[in-house]
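Next up: a single chain in C-alpha cells, the form predicted on its own.
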C-alpha cells in the first residue's frame, strides 16, 4: 500500500478520504490541547510551534522498538532511519542523508511484512515531501534541538475494537510460532477468562480485522479458545503472581465477568478482595444465561478458581442490600467497593396478558436460569420466542434440546436488523428454528389459565430510529394468531442496582443504572466504583470484563493516593478511537483465497439431542495455519501535547 499524501495544515488521511480540519480532535484531555498527531496514515498539526522533525525522530524510535525483526527490510531499515533522525536532531546531520532517509522509508513501506514497517514510514515520507525545509534548517544550524513531549500508543484495528484492548496480533503471532503458553500470558494481560471469552465472545475484533479485505478475517476467538484449551488439556496451572501485599481490601458486589475481572487485576496488584454473590456459583448471568452447549459450566468455574488463587474470596448466597448493606461493608474495613451486579431482570413486552400469570409463559431470563438449575420440563410441542438478540437465540436453541418439536421465533424487524451474532442465527436455522420476521406480539391467548397462542400483527419498516435501524410500523388490519404451548419473550434486560445500593447514598439514574466516570468508573461517592451492565445497561461479556479490569487500576490509584485520575494512556485510547483505526472502505493491493478457520461443529441433528458443547476443539496444526493468516496490522500513534 502506498503512502497517502496530506496537507500538514489540517488534513488527516484515513484510507482514501481526507478529513476536514474542523472534524479533527483538537483536545487531548480537558484543558490540554492536542498540538499534533502522527500516525499510520500521516499526521495533522494544530500548533505550528511543534518541531515536526523531533516528533518524527521520536516516532521512528518507537517504530524501531516495535519492529518484530522477522523481515530484513524493517529490522535494519527502521534502525537506520532512527539513527539518521537522531543525528539530524543532535545537530550532526547532512543534507545528503535526507535522500537516504527517503529511500529507506520507501523501501521499508513497500517491502515490510507487517504494518509496523508498512505504515510507520508514511508520516516521515509526507514530511520529507511537504516540509523538507524543516530538516534542512536544522542541518544547516548544526545545533541540537529541544526534545518535545509526546504520548504514544501501539494499537491495531482488532485491538482497538476489543473493549478490553487485548493485544491480539501478539498472541496470534505466538500461536503461529507454537508458543501457546506465551500466547495465553499475553491474553491474560487484558482478559482473565480466556476459555470463556474464547467460546462466547461476540467478536468485535473479527469484524474489524483487515484480513477480510483480502479474503476473510482471522478466527480470533477460536485461537483464544485454542490457547485456553491447550493449557487445560496439559494439566498445567497458570503462573499467576500477586503483587506485594497491600494493607487495604476491596469489596466486590457480583461474581459476573466485571466482578471477576476486577478481583483478578486487584489480586495482581496485591489486594485481597471479597466478592459477594447472590447465587451459589460464579459467573453471574454468564453462568445461568448462557446454555452449556455454548459454555460448559466447568470452564467458567475453572477460570473463576484462578481468580480465587490471587487472593479473592467469593461468598455465595449473599444478597447485598438485604443480607448485608453498603454501610456494613464500610464498617468491615473495605477501603473501596466495586459494583458489578449486571442486568438480571427481563424487560416487559408491553403485550396484553404478560402479567396474567398464565401457565406456559416465562421470560427468557427465567427460562434460561431454570435450565441452568436443571429444570428441563416441556409444556407441549410448540414453542414461541420473541426477540432478535443472543438471548432469544439461546432460548429457541435450548427449547429444541429440551424436546420441543415446533420451535418458532418472531422478530419485529428483518433479519438484517437482528442484533444477534450471525453465527448464532445460522446455527439456529440449521437446527430447525423457524424465523418469522416483521411480526410483533399483541396479545397472549389462553384457555383455562394456559397459553394456547399469541396474537400478532405484521410490521413494515419506516424511517430509522435512534439506534439507526429502520423503525417497525404496524400494518393495519394484519392481525393473526400463532398457535403455541409455551411463550418466552427475550427482548432485553433491565438493571436493578437500586436494590443493592440505596439511592440516597449513591446516585442512581432513572434507568436504575449506576452513573460512573467513563474512564475511572468511579461514582459520585469516591470509594465506590462500578462497571458492566449495571452501568451501561445490557451489553457484552467482554465489555463488562473490560470495565472490571479498568476499575481495578483506578481502585488501586484511589487506595494508594486518595484520587482517581485518568492517565495519558486513557486519553490516548480515546483519541485513537475517535480517529478510527479500521477502515471498512480500504482497498487491499492484493487478494488471496485462504479461507477462515471454522471450528468443528456437531451435526445439527446430533447437537439438538443434548446440552453437550456443540463446538469442538481445533488442533495445533489448524491453529498454526490460521494464525499465519494474520497481517500483524499494528499501528503507531503519537500525540504532541
Partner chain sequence: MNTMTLNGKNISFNPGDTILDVAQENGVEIPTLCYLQAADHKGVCRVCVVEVDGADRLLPACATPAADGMVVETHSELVVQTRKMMLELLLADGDHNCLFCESNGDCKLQELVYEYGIKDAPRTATYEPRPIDDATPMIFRDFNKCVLCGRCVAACNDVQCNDAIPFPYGRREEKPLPTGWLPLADYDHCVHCGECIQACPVGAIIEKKAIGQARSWEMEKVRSTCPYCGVGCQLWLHVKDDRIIKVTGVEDGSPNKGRLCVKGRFGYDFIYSEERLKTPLIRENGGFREASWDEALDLVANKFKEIIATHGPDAIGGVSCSRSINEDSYNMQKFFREVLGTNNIDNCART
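Predicted model only: the values in this text are computed from it and were never measured. Positions refer to the first chain, counted from 1.
Keep in mind the form predicted in complex with its partner chain is missing from the figure; the text below concerns it.
Trainee: Would residue 251 count as a contact of its partner chain in the model of the complex, using a 4.5 angstroms cut-off between non-hydrogen atoms?
Mentor: No, residue 251 is distant from the partner.
Trainee: Give a yes/no on whether residue 65 approaches its partner chain to within 4.5 Å in the model of the complex, heavy atoms considered.
Mentor: Within the cut-off, so yes.
Trainee: Just checking whether residue 104 would be counted as a contact of its partner chain in the model of the complex - the rule being heavy atoms within 4.5 angstroms.
Mentor: Contact with its partner chain, yes.
Trainee: Within a 4.5 Å heavy atom cut-off, is residue 509 in contact with its partner chain in the model of the complex?
Mentor: Residue 509: no, not in contact with its partner chain in the model of the complex.
Trainee: So which of 610-618, 33-41, 590-598, 51-59 is the stretch with heavy atoms within 4.5 Å of its partner chain in the model of the complex?
Mentor: Partner-contacting stretch among the options: 590-598.
Trainee: So, 113, 173 and 176: all three within 4.5 Å of its partner chain in the model of the complex by heavy atoms, or not?
Mentor: Yes.
Trainee: Its partner chain isn't shown here, but in the model of the complex which of 139, 161, 84, 559 has a heavy atom within 4.5 Å of it?
Mentor: Of the listed residues, the single hit is 84.
Trainee: Which pick from 80, 567, 498, 421 sits with a heavy atom within 4.5 Å of its partner chain in the model of the complex?
Mentor: Selected residue: 80.
Trainee: Would you mind checking 59-77 for residues with a heavy atom within 4.5 Å of its partner chain in the model of the complex?
Mentor: Those in contact are 64, 65, 66, 67, 68, 69, 70, 71, 72, 73, 74, 75, 76, 77.
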